[in-house]
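Just the one chain here, laid out as structure tokens, in the form predicted on its own.
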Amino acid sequence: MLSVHTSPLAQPGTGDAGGMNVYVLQTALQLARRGTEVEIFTRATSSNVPPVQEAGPGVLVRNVVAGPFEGLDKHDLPTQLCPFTAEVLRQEARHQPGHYDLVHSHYWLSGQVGWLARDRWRVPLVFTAHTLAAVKNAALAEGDCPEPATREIGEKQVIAEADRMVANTAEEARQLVELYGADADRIDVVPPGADLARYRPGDRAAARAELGLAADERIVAFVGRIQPLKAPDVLVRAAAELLRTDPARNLRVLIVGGPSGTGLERPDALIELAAELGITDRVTFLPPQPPDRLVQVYRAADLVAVPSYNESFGLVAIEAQATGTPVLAADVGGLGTAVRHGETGLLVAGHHIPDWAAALGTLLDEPRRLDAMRGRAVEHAANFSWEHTADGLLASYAAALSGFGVGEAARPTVLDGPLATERTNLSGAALLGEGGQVRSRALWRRRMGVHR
């Protein structure tokens, strides 16, 4: 797997880390549990990270030095693709020919690297865009910067070259075809998921006590990167509108996340907006939370808001519903799939503040309806798990391999030592048997000096 611009080990909600990080890590872990060894190449952003880390049994993260560790954002990274690609190819050259069976690139920058690796290694390239420039530019938040033309050109190149594409939803598949001319026969729709063992209903009072929140307030939470694209300001303005008409309303807005992207230009903009609207005492800010604390955020909230201008899917919406918390979301992108309108939450067309205030008030003022949504939310979220996602990816990989050509990607991988007879292929079966995996991991650690 290639994830150039953000590490799967980074804390979501900081910098460029978000849902894609969760997706890459969780799918890699699930694939490894099925016997498919995964190596994830990402760009090192600190001199303190080791060259290789073990993210879990059968999953290695390779931190590639490409450009300065700090001071680069996604728009600067195309200038570092050459050194990044060179290191990826160098790592492969250390192994016997045929070490990698397939390349899965995440985001267009990784797609550019994967395109070259595919041609050099003669293995299929699977591409997941996660977001698309043409879609983002068609629905920009006020004051936000459009994606550069170089990105859209780069996306078109990768989409034309990829052997298979994985779309999060049918809507994203349609966008790939209509906006980028993708071949519909090479697109597989595989929805992302949630860690259903972690994100499940729990004690709301205990969650609020742990987070230092009042037990009797109505709490609406926003979880994500604080930037115009994610539109946390829409929630703050809608809450202010409700409080303007009813100052006695016992409402609290909980913002969980850190500035990112164009939001870094004014990192305190949301704090300033709350002050300007006169609701500073009604808004609580928390930094990005690790998973064991994030689940408590979802449990503590009466409602989770996802007001984004664009979401290819919206992992936050599924995670929240898995804990039994309904979602109020913008009717954009994959959120129409992630949320069942009127059953597990509400979808709002557009970002008109009176509409958001009305939808917010409707849910908070109808506790019976909100309670009924809780149970349906858990049932709906059960359809989205990382296990299901891994099943879909394995099917896509098998299709990519079968269509790549006999004698190229379909050829058996050459391994030395005791692993040589245990490797099979990706046609739905594990790459290695359980015993082979254990020996393989030990061999990796000895050879590569892997840090656990």
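Note that residue numbering follows the sequence shown and begins at 1. Everything quoted here is computed from the prediction, not taken from an experiment.
One more form of this protein should be noted, the form predicted in complex with a small molecule, which is absent from this view; the next part is about it.
*Asks:* Counting only heavy atoms and a 4.5 Å cutoff, which of 148-156, 292-300, 212-220, 178-186 contacts the small molecule in the predicted complex?
*Replies:* Contact criterion met by 292-300 only.
*Asks:* Honest question, do Tyr199, Pro288 and Glu311 all end up within 4.5 Å of the small molecule in the predicted complex by heavy atom distance?
*Replies:* Spot residues vs the small molecule: full contact, yes.
*Asks:* Using a 4.5 Å heavy atom cut-off, which residue among Arg164, Arg118, Lys230, His104 comes into contact with the small molecule in the predicted complex?
*Replies:* Looking at the other structure, the residue within range turns out to be Lys230.
*Asks:* Val88, Leu315, Met373, Leu360: which sits within 4.5 Å of the small molecule in the predicted complex by any heavy atom?
*Replies:* If I apply the 4.5 Å criterion carefully, the residue I get is Leu315.
*Asks:* Do Leu25 and the small molecule come within 4.5 Å of each other in the predicted complex, heavy atoms counted?
*Replies:* It does not: once the small molecule is placed as it appears in the predicted complex, Leu25 has no heavy atom within 4.5 Å of it.
*Asks:* At the 4.5 Å heavy atom threshold, is Gly224 in contact with the small molecule in the predicted complex?
*Replies:* Gly224: yes, in contact with the small molecule in the predicted complex.
*Asks:* Would you check, heavy atoms only and a 4.5 Å threshold, whether Val256 touches the small molecule in the predicted complex?
*Replies:* It does: once the small molecule is placed as it appears in the predicted complex, Val256 has a heavy atom within 4.5 Å of it.
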